[in-house]
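In the form predicted alone, a lone chain appears below as structure tokens.
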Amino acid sequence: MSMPTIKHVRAFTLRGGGADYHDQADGHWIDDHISTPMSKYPEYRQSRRSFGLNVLGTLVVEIEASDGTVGFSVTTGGDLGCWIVEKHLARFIEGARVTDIEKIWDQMYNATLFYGRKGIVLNTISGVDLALWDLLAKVRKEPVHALLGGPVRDELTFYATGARPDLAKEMGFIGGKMPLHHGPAEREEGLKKNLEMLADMRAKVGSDFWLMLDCWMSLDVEYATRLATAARNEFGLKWIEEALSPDDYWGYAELRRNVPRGLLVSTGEHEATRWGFRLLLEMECCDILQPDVGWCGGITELIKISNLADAHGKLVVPHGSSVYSYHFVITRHNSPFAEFLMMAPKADEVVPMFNPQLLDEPVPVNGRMKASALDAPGFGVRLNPDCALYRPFPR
């Protein structure tokens, strides 16, 4: 049969959790005194929303083919992402064949180089790319993972990110990653509190359960080295994540040289494209790459990042992005496990990560997910019709 062409692309925004998972109500663990680059200012220390972490909102990209099939994706980007899609990127999408994913990506990236390369532009390109993969897979009546070569294992294994690794262990996860609460501006007392939190959790989960720390770009090399050394030697920390600014490749290389043997350094959540990850690899900055498929350039770019990492003998464990990373992880040997964000306010139950925006979103059971849970066409999820979409730049 002839392959459909792309008839129309539309970009919407909406608020309240979902893809912009930091946009939560009061009392959520994800906004409770977590160390950030803004923690140096006391007035922005208690809440990440106080400095605007929730300002973007979710970007929804819908792409309609000439046969009526609609692919979609969600990522962060809000009104800014909508403007980029409708006012700039649409020209490269509409009229193309639904199979022209590589060409569309290349045109979007090169056409936005003068104001893009990373950040909100790559979030937006990622959203378009994910919608294209969803569309093509639906046209072919296959899951996205089938287009990527098919599963290499029968199930996914997960670690949990949240405030309660002890509860995550009871739920069957292989490890728990906690947000770091105190940064360098809180000096020795803050460092002491970080280690006390880790000591308390190690006592609760026992010696064999993985514990990790997510530092969210908030530390310097000296502080990160001291924290990592004590955390590994005293409490068996598995890895330290995103300790430094994503632009500080030299600092990451130094940190990796400095940490105790056996402790893994991970980063990449806020990195983008194969060129950014190439620097991390060639400068020996880390042991685990953690690209977010909704921010790094989409599935099309994640394939290239993963292949680069595989050639360097490094693991790729994508930052939590629900089905958009699950379909990829299950097809790659160098992605042996996946991240699950505990989006319940108290991190005490397993709930869909992108709730309320997605329906049919699969969740782990006892820390596992069967490959068959991902067998619906496309990414296997639907937009919740109860979520009000707003299209700020209709054409």
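Predicted model only: the values in this text are computed from it and were never measured. Just count from 1 along the sequence shown to find any residue number.
Below: the form predicted in complex with a small molecule, not depicted.
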Checked Ala338, Ala347, Ile30, Leu358 for heavy atoms within 4.5 Å of the small molecule in the predicted bound form; positive is Ile30
Among Tyr249, Tyr109, Phe92, Trp216, which has any heavy atom within 4.5 Å of the small molecule in the predicted bound form?
-> Trp216
Interface membership of Glu269, the small molecule in the predicted bound form, 4.5 Å heavy atom rule | yes
How about Arg332: is it within 4.5 Å of the small molecule in the predicted bound form, going by heavy atoms?
-> no
May I ask you to state whether Arg48 is within 4.5 Å of the small molecule in the predicted bound form, using heavy atom distances?
-> yes
Can you check whether Thr161 is within 4.5 Å of the small molecule in the predicted bound form, heavy atom basis?
-> yes
Could you tell me which of 362 to 370, 339 to 347, 323 to 331, 64 to 72 sits within 4.5 Å of the small molecule in the predicted bound form, going by non-hydrogen atoms?
-> 339 to 347
In the predicted bound form, do Ile34, Pro179 and Glu241 all put a heavy atom within 4.5 Å of the small molecule?
-> yes
